[in-house]
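What follows is one chain in structure tokens, specifically the form predicted on its own.
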Amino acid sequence: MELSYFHVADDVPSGFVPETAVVIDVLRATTTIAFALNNGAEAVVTFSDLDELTRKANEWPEPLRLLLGERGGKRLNGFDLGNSPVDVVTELVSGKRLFMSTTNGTRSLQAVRNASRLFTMGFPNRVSVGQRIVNEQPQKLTLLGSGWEGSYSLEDSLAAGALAAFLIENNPHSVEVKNDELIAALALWHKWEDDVEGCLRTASHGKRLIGLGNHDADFKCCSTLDQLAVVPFQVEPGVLIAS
């Protein structure tokens, strides 16, 4: 299994279609997706374009839909929820289709939406996603971070390193790390694996969230390792379900 990592959507080569891809946006889109699906959401549909989101959401019955969105870390006006994993509780999301757009994560999902197989991952469902990949044994696996407005993010690379470390540990003779970005992500993981929340708070995006208000619950939720069994899986472009 050949593993590669791209920091942000703009790093993905033009025309590149991954065999299998895992999109990561630790703070907070892919963590929110994992918790939403774990808590009974029918699906999460992701959009980089807000007009398209509104158009598609209006085609869905109002009692069975929720709009999730943020820009700059703040909830979008007129949306039901922002982009927090602690907000997508069962009482709100169970049985509903979530229409979601965020500053960074949904851009990365857009960039690799034509992958043959596409998953999303945060720290809480790392082992579940990793085990799924071990079971499927793709020849080539692309990890894609989300960053912040096109720039590198520490926390997404930490998660990429965490997933790669799990795959190497469980496939010691069949995993080949193919680029320097992932080698660096593995080194980052080995430095911070005992203090994931500390790394998230040290990261520039973590500091940005701290500046917006009290996000202690988000930091705790986003940094908790291996607690969810859910594996978000794309069944059609932009549409993720629990699998």
Ligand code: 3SL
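Position 1 is the first residue in the sequence shown; the rest follow in order. In this text the structure is predicted, and so the values were computed from the model without any measurement.
Keep in mind the form predicted together with (2R)-3-sulfolactic acid (3SL) is missing from the figure; the text below concerns it.
* Heavy atoms within 4.5 Å of (2R)-3-sulfolactic acid (3SL) in the model of the complex: does residue 83 have any? -> Residue 83: contacts (2R)-3-sulfolactic acid (3SL) in the model of the complex.
* For residue 203, is any heavy atom within 4.5 Å of (2R)-3-sulfolactic acid (3SL) in the model of the complex, or not? -> Residue 203: no, not in contact with (2R)-3-sulfolactic acid (3SL) in the model of the complex.
* Asked: Does any heavy atom of residue 70 come within 4.5 Å of a heavy atom of (2R)-3-sulfolactic acid (3SL) in the model of the complex?
  -> Residue 70: contacts (2R)-3-sulfolactic acid (3SL) in the model of the complex.
* Does any heavy atom of residue 79 come within 4.5 Å of a heavy atom of (2R)-3-sulfolactic acid (3SL) in the model of the complex? -> No, residue 79 sits far enough from (2R)-3-sulfolactic acid (3SL) in the model of the complex that none of its heavy atoms falls within 4.5 Å.
* To do: Have a look at 177, 196, 209, 66 for me and say which one sits with a heavy atom within 4.5 Å of (2R)-3-sulfolactic acid (3SL) in the model of the complex.
  => Here the answer is residue option 209.
* **Candidate stretches 23-31, 41-49, 179-187, 57-65 - the one whose heavy atoms come within 4.5 Å of (2R)-3-sulfolactic acid (3SL) in the model of the complex** => Stretch 23-31 is the one.
* Asked: Since the partner is left out here, which residues of 121-160 would have a heavy atom within 4.5 Å of (2R)-3-sulfolactic acid (3SL) in the model of the complex?
  -> Counting only heavy atoms within 4.5 Å of (2R)-3-sulfolactic acid (3SL) in the model of the complex, the single contacting residue of 121-160 is 148.
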